[in-house]
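Structure 1 and structure 2, given next as structure tokens, are two forms of the same protein chain, each shown alone.
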Structure 1
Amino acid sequence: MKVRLVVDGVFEEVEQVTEALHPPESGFYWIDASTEDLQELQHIFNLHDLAVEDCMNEEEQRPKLEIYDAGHYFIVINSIRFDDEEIFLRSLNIFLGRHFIITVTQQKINELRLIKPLLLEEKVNQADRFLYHLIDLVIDNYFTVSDRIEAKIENLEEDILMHTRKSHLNEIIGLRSEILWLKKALGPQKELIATLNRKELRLIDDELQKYFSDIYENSVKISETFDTFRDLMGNLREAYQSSVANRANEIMRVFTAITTIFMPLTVITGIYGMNFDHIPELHMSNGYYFVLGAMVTIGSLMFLLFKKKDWL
């Protein structure tokens, strides 16, 4: 657990977490805690049992804002990470007070590292502005991920239409599952930010409303993008199925056509392999060559006919 006093974006480490109980002369306290620190913090800041329970839960949490009588808000939001194979959501739990903000995470979250230079640049002096920049970072990261998913979908589409491979099925099914799970998380996230975007929240400055409104717009955009992704994945799966069927049909067609072309030739050789006493052709001096020629002719004609009918 790190306790910092932030004044005009400048950080100063604080030894005693209890200092954060009283408003500083200027700036605000940021307590960057892990779930292990929660028990201690619960006593000091009077955190609600249910909020602590949510932070400890190993499961992915539903984004939400809850207003507690103790004078702070409890906010849960999910940070996203995409390692090209799987999409990970990591809960970022925030307790927002008038002059302090507590961030609680189970695993390291990149945005908590990126926020530092940003606060300095923007000379952030208030806990609610800190909240805005943190959530802005979290949401902007969804765009990075959605751009990479979009690129992946487009590559997949091109790839499938050019030369379908069996492994494409795994990719489609896997990516579609990931998108379906993610879509589930985006709905409540949008709702959470809509709540922050309303005027009446006592702990959030009215000046910030336009800024949260900007984030809200982004989170709607992300949600619409993932809806489109789901439909595109359906489109892709159908492209895959058609492509694979087309290719299978074509190969079988070639195989079957070869068999079909050779079939009459087999019968011809069979005819002149029969042991009848009287088969006049057998005794013609060029019979053999005539028959070979006939066979080549018949085979070629069949091949050309199939070609012309566009069956091959």
Structure 2
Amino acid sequence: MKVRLVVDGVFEEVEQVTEALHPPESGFYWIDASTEDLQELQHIFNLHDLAVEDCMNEEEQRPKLEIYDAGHYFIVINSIRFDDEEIFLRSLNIFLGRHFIITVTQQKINELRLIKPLLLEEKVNQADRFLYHLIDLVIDNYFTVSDRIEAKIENLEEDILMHTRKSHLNEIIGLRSEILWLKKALGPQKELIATLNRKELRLIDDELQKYFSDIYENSVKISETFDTFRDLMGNLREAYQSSVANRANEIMRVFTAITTIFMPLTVITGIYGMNFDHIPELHMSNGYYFVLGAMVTIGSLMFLLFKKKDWL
């Protein structure tokens, strides 16, 4: 657990977490904690039992805002990560007070690292402004992930059209299920940001609250983007099935042409394979070469004809 006094974006380490109980002369306290620190923090800041239980839960949490009488808000928002194979959501649990903010995570979240230089650049001096910039970073990261997913879909589509493989179907099904799962999670997150934008919240400055409308618009764009991805995955599956069908047609066309070419040759060999004594050309000295030449000529002419008509 790290306790910092933040004044105009400048960090100062604090040794005792109990110092954060009292408002500083300037700035606010940021307590960056893990779930192991919750028992101590709950006792000091009178954190609600249900909020602590949500933080300890290993399952993914639904984004939400809870207002407690103890003078703090409990906010859950999901950070996103994409490793080109699977989409991960990591819960970022936030306790917002008048002069402090507590972030609790079970895994490392990149946005908590990125916010440090941003606080200094913006000279952040209040806990609610810290909350605004943190949520803004979380939502902006969804755009980064959506760009990577879009690029993956485009590459997959190009690969399917050029070199269709059976593994493509597994990739399509896997990515589509990830997108559908994420789409369901985006709804509650959008509702959370709408609440931060519209609901009267005494711990968030009225002027600052208006800025959450911009984050809400971004969350709507993200939701619409993943709607588009869902449709694209359906189109991609149709393209795969069409490509497989076309490939099968190509193979059948080649087999049909080969069979057609060998049909007259089979007729010739069938005739000369009959057990009759009196067959024309049967006793010719060069009959064998004559028949072979005729078969090669007929096969070649049929092959050239199929090529000319683009049947092969």
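Numbering for residues begins at 1 and runs along the sequence of structure 1. Superpose the two forms; the largest set of C-alphas matching within 1.5 Å is the rigid core. Not measured: the values here are computed from a predicted model.
Chemist: Go through 1 and 2 and tell me the one that is the form predicted on its own.
Modeler: Here the form predicted on its own corresponds to structure 2.
Chemist: One rigid part pivots relative to another between structures 1 and 2; at which of Leu156, Pro23, Asn249, Asn110 is the hinge?
Modeler: Answer by hinge criterion: Asn249.
Chemist: How large is the turn of the smaller rigid part against the larger between structures 1 and 2? Whole degrees is fine.
Modeler: Domain rotation angle between structures 1 and 2: 25 degrees.
Chemist: Align on the rigid core first, then pass along the CA displacement of Leu265 between structures 1 and 2 in angstrom.
Modeler: C-alpha shift for Leu265: 2.9 Å.
Chemist: Core overlaid, Gly299 C-alpha shift between structures 1 and 2, how many Å?
Modeler: Spelling it out: core superposed, C-alpha of Gly299 shifted, distance 4.9 Å.
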